[in-house]
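Just the one chain here, the form predicted on its own, laid out as structure tokens.
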Amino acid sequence: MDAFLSQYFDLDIMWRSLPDVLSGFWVTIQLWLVASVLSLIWGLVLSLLRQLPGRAAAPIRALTIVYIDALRGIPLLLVVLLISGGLGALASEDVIADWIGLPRWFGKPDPFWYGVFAITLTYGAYMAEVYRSGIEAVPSGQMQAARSLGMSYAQAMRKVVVPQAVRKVFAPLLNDLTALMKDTSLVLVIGLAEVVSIGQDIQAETFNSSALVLGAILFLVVTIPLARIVDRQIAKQQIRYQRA
């Protein structure tokens, strides 16, 4: 038992590694926030493209479905590697501009933005399906009523359907954001100094896993409150439906 506690809960190593682990966790939080906002936006765009009416929009709907199915079927780690290797190589061959292939926007290194791109592309596909379920759960009479009032299709979606859909899928979206935060650790494979990467470095130096446990505790500090928010939202929805 003492060996177990010494390996995973060495308070001295945790204390000495705390500044470095916190620095890496701040990078993780920044990556999570940026990727979450972009994924929510991209997912909504994809869901709206998939819902476009009419025969003329059939190719757009088909391409959107193919994209969503493909990105949901490819592991995020593989997408990270494809993005990081592909963009850098294309920039070095002058196929694309350096500011795209080697992004260093807002003082962040290119692995940070490669991670943002990969996570956004992948989780946008997942969130598109969540949005779609919310849109399809809105009664069709809502759209018909909005159109009868003179609204265009885009106006009806923006002012009537989408607001109701987002309220219906708020809890599933939070679940996806929680999963997204955990998957930010995959960016360590392309050299981003985030919390897991720093924990691994400390583990290699000390032959002790306490720094990684400290990183896990920091993840729990964020994800457990998110889980409780999801539970509260689900309970509110159940009460609302029971009243209805």
Partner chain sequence: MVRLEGVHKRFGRLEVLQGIDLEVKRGEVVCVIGASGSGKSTLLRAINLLEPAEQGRVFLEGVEISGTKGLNDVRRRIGMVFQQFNLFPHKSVLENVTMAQRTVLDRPKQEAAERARSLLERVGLADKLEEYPDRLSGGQQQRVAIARALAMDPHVMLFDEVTSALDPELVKEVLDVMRELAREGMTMIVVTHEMGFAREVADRIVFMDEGLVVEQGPPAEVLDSPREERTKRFLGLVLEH
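Not measured: the values here are computed from a predicted model. Residue numbers count along the first chain shown, from 1.
Another form, the form predicted in complex with the partner chain, is not on view; read the next lines as being about it.
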| item | value |
| --- | --- |
| Distance check, V160 to the partner chain in the model of the complex, heavy atom within 4.5 Å | yes |
| 4.5 angstroms heavy atom contact with the partner chain in the model of the complex for S92 | no |
| Heavy atom of M151 within 4.5 Å of the partner chain in the model of the complex | yes |
| The partner chain contact at G141 in the model of the complex, heavy atom, 4.5 Å | yes |
| Contact assignment for the partner chain in the model of the complex, among A145, I74, A137, I100, heavy atom within 4.5 Å | A145 |
| The partner chain in the model of the complex: contacting segment from 84-92, 106-114, 160-168, 122-130, heavy atom within 4.5 Å | 160-168 |
